[in-house]
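Quick setup: the C-alpha cells below cover two forms of a single protein chain, split into structure 1 and structure 2.
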Structure 1
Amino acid sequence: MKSSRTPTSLILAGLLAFFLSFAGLAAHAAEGEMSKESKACLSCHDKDVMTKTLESGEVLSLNVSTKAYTESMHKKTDCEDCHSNLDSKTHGKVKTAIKSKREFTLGMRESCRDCHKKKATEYDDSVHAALIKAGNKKAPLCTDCHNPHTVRSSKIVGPIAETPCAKCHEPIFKAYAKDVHGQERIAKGISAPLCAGCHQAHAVKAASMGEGVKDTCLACHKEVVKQHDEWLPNTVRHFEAISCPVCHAPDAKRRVNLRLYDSTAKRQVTEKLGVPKFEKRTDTADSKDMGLDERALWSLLKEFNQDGGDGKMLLRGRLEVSSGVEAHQLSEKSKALKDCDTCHKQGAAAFQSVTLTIAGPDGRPVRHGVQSEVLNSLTSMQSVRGFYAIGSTRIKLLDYLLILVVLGAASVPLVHMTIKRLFKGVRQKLEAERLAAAQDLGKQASTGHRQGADDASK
C-alpha cells in the first residue's frame, strides 16, 4: 500500500536527518562556543597555508587550527583577549613589519598576565625571567613552554619528551631519561618527578645556589635522614655539606664549591645588576689565571668585606658534582657512594677541584678557580666555615681534634682551649699576611693597576 509506505519512509528519512543533524551539531558544539569575532579570525587563519616573512628572514606560520583551538584550554577565550593590539581596520589588508620571531614573542609577552596573575608572578621571580631581563635571547617566556592556541590541561600526563624543558636543556634531559627518576616515570607515571617536580615550572631557581633542590628531595623521600643515619654519622651535617648527586651519581666528577656568604644577612652574596665586581676582582687577584692562591683569596674576602660586610663575609664550602648533566645521573641505591675514604682521606679526588662562587645578578653562579692547596691551609680555615672533611687535609693535629669533638661532647671545653692556643700562632701568621696583602694592594693602587670604576674599597 502506497499510502502506508510513504509515512514510514518519511519517518525513517526524518529520523535519519535528525541523527545526522545531531551528529553535525555535536561536531560544531565546541566551535559554537566560539564568538563571532573569533570565527571571523579563523575564516582567514585556518583556511589556506599562510606565512609571513619577517625582517630577520625567518618565516612565521600564521595558521591556527580551529580543531586544536576548540580542544584547547583556551576554547572559551576570544582571540582578541590576547590579540587586542591588532588594528581591525587595516588588519590582513596592509602588511606590517615584524623584526624576528623573538621580537614578536617579546611583544606578546604581557598578554597572559591578566588572567594568570599567580603564575606570572611566580615566573617573574625565576632564573629564566632574570635571564630575559639581562638580555638573554634563549631563555623562555610563557609561550616558549605553552602554545596559547593548543594548550592542553596540565593534568594530562604525556610522554616525558613532551616536557617543554627538554628542547632547551637537551643534554640534561637525555641524562634524566636514563636515571632512576626518568625510568620510574616512564614505567609508572607521575609518582616520580619530571623536571618541574624538582625545579618547579615557573619559579625555577638556579640549581646549585642556596640549598639547591635538597628540600624538594626530602619532601618526597621523607625517611631518608633516618635511613642514612643508620650508617652515616651526623647525616644532617653531611646533607648540608654535600649535594645529594655527589653520592647518588657514582660516576660523577666532584668538586668543592666555596660560596661567598654574608653571615649577617644569612644568605649568599649576590652581584648587583650593572655593577659586577666579582669577575674584575678575581681577574685582578689571579692575573695569571692559575687559580686563586691562599693570599689572593684572603685579600679578595677583605675587599668584599669592605663593601659593607664588616668582617661578616665567609666562605661556605659544599661538595657538588661538576656538571649539570652529572646531577641527573642518579642511580639505584645499591650503587651509591658509601665508602668514607672517598672523602675522608688525604688527597681525596673530590677535593682536588675547587671553585669560588658568587650568585650572579640572575641568580646563576659565577665561578672562579681556586688552587686546591688552599683547602689545606690554616689561613683559610679562618674564613672557610662549615666545611672541613676529616682526613682530607694535611693538618693532622686538627683531624685529631675534630675526631675528639665528634667522639665526646664532654671533651669540648678542653678542645676549645687547645684550639685557641693552637690558633695563637696562626693568628700571628695571619696578621703578617694581612699586612703584606694590604701593602700589596697599596702598591697596586698607586701604580694605577686598579683604577676600575668598581674600586670602591678606597
Structure 2
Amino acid sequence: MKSSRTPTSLILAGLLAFFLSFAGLAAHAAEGEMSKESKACLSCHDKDVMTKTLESGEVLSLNVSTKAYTESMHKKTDCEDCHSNLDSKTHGKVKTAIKSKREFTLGMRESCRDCHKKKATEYDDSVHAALIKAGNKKAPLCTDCHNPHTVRSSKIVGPIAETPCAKCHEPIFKAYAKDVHGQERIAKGISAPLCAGCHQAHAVKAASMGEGVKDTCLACHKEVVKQHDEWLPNTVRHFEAISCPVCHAPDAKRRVNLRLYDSTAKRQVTEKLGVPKFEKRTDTADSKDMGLDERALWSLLKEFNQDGGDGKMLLRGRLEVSSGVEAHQLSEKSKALKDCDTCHKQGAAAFQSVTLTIAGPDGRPVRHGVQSEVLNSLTSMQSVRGFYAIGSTRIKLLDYLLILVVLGAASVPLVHMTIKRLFKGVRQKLEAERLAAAQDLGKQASTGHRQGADDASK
C-alpha cells in the first residue's frame, strides 16, 4: 500500500519537527539556567489559581509565569536570593501572616537594594522616597514600577501604555501620549523621550525644582539657543525666565511663578519638615484670601531674610504653564508661539495669574496666590529679580524713566556739538590771543638775551 504523503510534505514535516525540537531545546536551556530550588518553586507558582488573602482583605496573586521569568532580566537570579526569609522546609505548610500588599512590598524593598545599590541610593534622594518618609502610602516602591518576575531591559522599546509612571500619573500620561513626543514614539516606534528620559527613572525630582527639566530639553535640543537667537531678542534671558512649554504648548494657560530663592546658596528655599512657616506666614499676611499685595510680599520676604541670617533671600520670577498636564501638551515646533505681543503687551493674560512658591520638604511646590498688580509695582522691583527686562514691562513709570535715560544719553553728544559750534568764534579769538601773547614773550626773551650778550662784551 503506497503512502499518500508526497516527498515535499515529508520534507516540510521534517523541518517543522526540527524547529519544534530546537525551540524545545532552547526553552529547556533557558530553564536549565535556574537552580533546582527555583524550578521547584515555579512548578507550584506557575499556576493562575495561586492566591493569598491578606489580613486587609486584599488578594495577593502568587502566580509566577515560568516563561516570563526565564525571559526577564532576573532569569539568573534564584528565588531564594530575594525571598531569603522563607524556609523551604515549612514554606507552604505553615501560614504566614501578611497585613497588606503595601506592607509586603515594603518588606521586599531591601532585597532590591542588595543588588541595585546605586539605583537604590538615587531613589533615596528622590521625591518618591521623600513622600514615603512623609507617610504617603501611595508613593511608588521598587516593585510598583518593576515587576521582579517579568522585568525586562529598559532599552527595549515597548508600548508606552506599559510605562509604569502611567499608573500614578494617568492624566499627565494621557496628555503626553498625544503630544509631539508621544506621537513620535507611537507613530514611528522610535525611542522618543519617555518619562524617565526627562525626569530620570530613580533620582526623580519635583519638576518645579531648579532648572533640571529645562536642562533636559537643552540636552536633546542642543542647537536650540542658536536657533532662537536668529529671531528672539535676549535669548538667554528668555530661557532663564520662561519655561519651554510656555511657547511650545500654545493652548496652555500661563502664570508668573515667584520662587523664594537663596542667592547665597544659589538654590530654591525649601520648607523644613514639621515647621510650616511658609503657609503660616502667608495665611496670616493674606487673612482675607485675596492674594498677597506688594506690601505683604515685601514684609514676608523680610521675615525669611531674618531666618536666613545673611539677608540674601529674594524672589525669582518665572513664566510657566499652569499645570503638569499642560506641560505635557507640547506641539510641533511649527505651532510654537512666536508673537511677542502674547506676553509683551498691557494686560497680557499670562501676567494675570501670579503665585508665590516655596519648595516643600519633599521638593513639591507649596503655593500661595499673589495679586497681579504686584508686577506693576516699583516696590516689587526690589524683591523680584531675573524677571524684569527694560522696555518690556507693564510698569509704565519705568518705561517713562527709560525714555528719559535714552533721551538724556542721546542729548549729551548733541549738546556738546551745539556748544562747540556756538563758542567756535570765542575759542578762535582766545586761541589767537594766546598765540600773540606767546610770541610777545618770545620776543622779550630774545631781546633780553641780546642785551646780556652786549654787556658781557663791554
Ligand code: HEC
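We call the rigid core the largest set of C-alpha positions that still match within 1.5 Å between the two forms. Predicted model, so just to flag it, every value in this text is computed and none were measured. Throughout, residue numbering runs from 1 along the sequence of structure 1.
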Form predicted in complex with the ligand - which displayed structure it is:
1
For E240, decide whether the Cα shift between structure 1 and structure 2 is 2 Å or greater, given a superposition on the rigid core.
no
Is it true that L86 shifts between structure 1 and structure 2 by 2 Å or more at the Cα, once the core is aligned?
yes
Comparing between structure 1 and structure 2 on the rigid core: C-alpha of D144 shifted by 2 Å or more?
no
Once the rigid core is matched, what's the CA displacement of K67 between structure 1 and structure 2 in angstrom?
3.1
